[in-house]
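Encoded as C-alpha cells, the following chain is the form predicted on its own, with no partner shown.
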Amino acid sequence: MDSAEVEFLAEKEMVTIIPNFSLDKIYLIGGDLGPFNPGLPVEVPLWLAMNLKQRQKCRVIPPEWMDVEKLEEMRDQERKEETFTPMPSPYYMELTKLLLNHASDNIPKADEIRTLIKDMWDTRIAKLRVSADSFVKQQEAHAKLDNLTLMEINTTGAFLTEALNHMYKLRTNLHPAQSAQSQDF
C-alpha cells in the first residue's frame, strides 16, 4: 500500500461542515448523507467536504482534536513516553494535510497546527526508527506495533521488510549446514 492509497482511505473519515445550500438527503452506497440546510452542521466524508469547500458550498469545522492546546499536550506526551501514544485519529496526518491544504481559512491557527502535527510525526518516526534498529540488532522475529497509524507503518514498512529479508539471507548463508539438516525432517 502506498501513501496515495492511505490518503484515499483517510478521505472516508467523517467531518462536520456547515453548508450554505439546501438539499435533501443524498443516498450513496456507503450510506445516506444530509439533509443539507444552510447554517446547520452536518457530518459528511472528508472527500465530500473538500469537494464542497472547493466549490465554496460549505465551511469546514475542524475536528475537536485539531486545537493548538490539545495538540501541544499530545506532542508533549508523545515526547515523554517511550512507547507510541494513541493518536486522535488513525489518519491524523492525512486529515491535517487535506484540511489545511483545502480549508485552512476555516481552521484557526492553521500554521501552528501544521507545525505541531509535523513535530508529532517527526517524534513518532524517530521512535519507529529506533524501534526498528533495536528490532534488527536483536534479530527478533516479530514486533508489537501498538498505536501506529497506517501511514506510519507504510513509511517504514518497505524498508523494514527489505532489511529483514537481507538478514534472513545472510543468516542462511552463514549456517547452510544447519538449514539443510532442518529441511530433511
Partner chain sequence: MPATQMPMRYGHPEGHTDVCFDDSGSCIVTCGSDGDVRIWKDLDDDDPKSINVGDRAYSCALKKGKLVTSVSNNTIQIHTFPNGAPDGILTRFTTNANHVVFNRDGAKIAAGSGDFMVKIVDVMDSSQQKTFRGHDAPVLSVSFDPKDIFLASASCDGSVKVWQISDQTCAISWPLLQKCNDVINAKSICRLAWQPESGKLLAIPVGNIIKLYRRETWRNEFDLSDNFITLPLNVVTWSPCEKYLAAGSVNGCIVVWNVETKDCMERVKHEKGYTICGLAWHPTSRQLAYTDAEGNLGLLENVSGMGNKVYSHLFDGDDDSDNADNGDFLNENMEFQLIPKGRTDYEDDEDDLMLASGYPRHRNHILEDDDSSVEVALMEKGSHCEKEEEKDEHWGSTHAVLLSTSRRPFYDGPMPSPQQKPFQSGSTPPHLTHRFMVWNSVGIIRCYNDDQDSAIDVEFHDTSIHHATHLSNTLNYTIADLSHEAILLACESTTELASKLHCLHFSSWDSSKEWTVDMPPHEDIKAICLGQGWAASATSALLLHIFSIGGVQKEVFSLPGPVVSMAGHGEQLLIAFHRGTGFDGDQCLGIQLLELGKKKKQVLHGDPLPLTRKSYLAWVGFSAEGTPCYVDSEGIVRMLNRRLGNTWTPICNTKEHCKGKSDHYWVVGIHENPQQLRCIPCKGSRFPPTLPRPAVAILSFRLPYCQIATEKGQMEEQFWRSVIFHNHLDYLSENGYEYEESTKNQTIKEQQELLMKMFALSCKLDREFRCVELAELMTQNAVNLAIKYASRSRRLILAQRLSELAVEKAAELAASLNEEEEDFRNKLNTSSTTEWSQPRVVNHKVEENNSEDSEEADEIEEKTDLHKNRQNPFCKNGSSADGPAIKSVTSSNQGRVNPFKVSASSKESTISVNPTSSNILDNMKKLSKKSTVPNRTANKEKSPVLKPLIPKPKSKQVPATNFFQACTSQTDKIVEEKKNPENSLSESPAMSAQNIENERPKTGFQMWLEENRSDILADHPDLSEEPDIIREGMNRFRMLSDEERKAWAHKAKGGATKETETKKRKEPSLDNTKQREQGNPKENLNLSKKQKTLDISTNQKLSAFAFKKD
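Since this is a predicted model, take the numbers as computed values, not measurements. Positions refer to the first chain, counted from 1.
The same protein also has a form predicted in complex with its partner chain, omitted here; what follows describes it.
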Contact with its partner chain in the model of the complex for D24, defined as at least one heavy atom pair within 4.5 Å: yes or no?
yes
Does its partner chain get within 4.5 angstroms of any non-hydrogen atom of G31 in the model of the complex?
no
Any chance K127 has a heavy atom within 4.5 Å of its partner chain in the model of the complex?
no
I'd like to know whether K53 contacts its partner chain in the model of the complex, with contact meaning heavy atoms within 4.5 angstroms.
no
Can you pick the one in I153, V68, L160, I61 that has a heavy atom within 4.5 Å of its partner chain in the model of the complex?
I61
For its partner chain in the model of the complex, the stretch among 145-153, 39-47, 119-127, 132-140 with residues bearing a heavy atom within 4.5 Å is 39-47
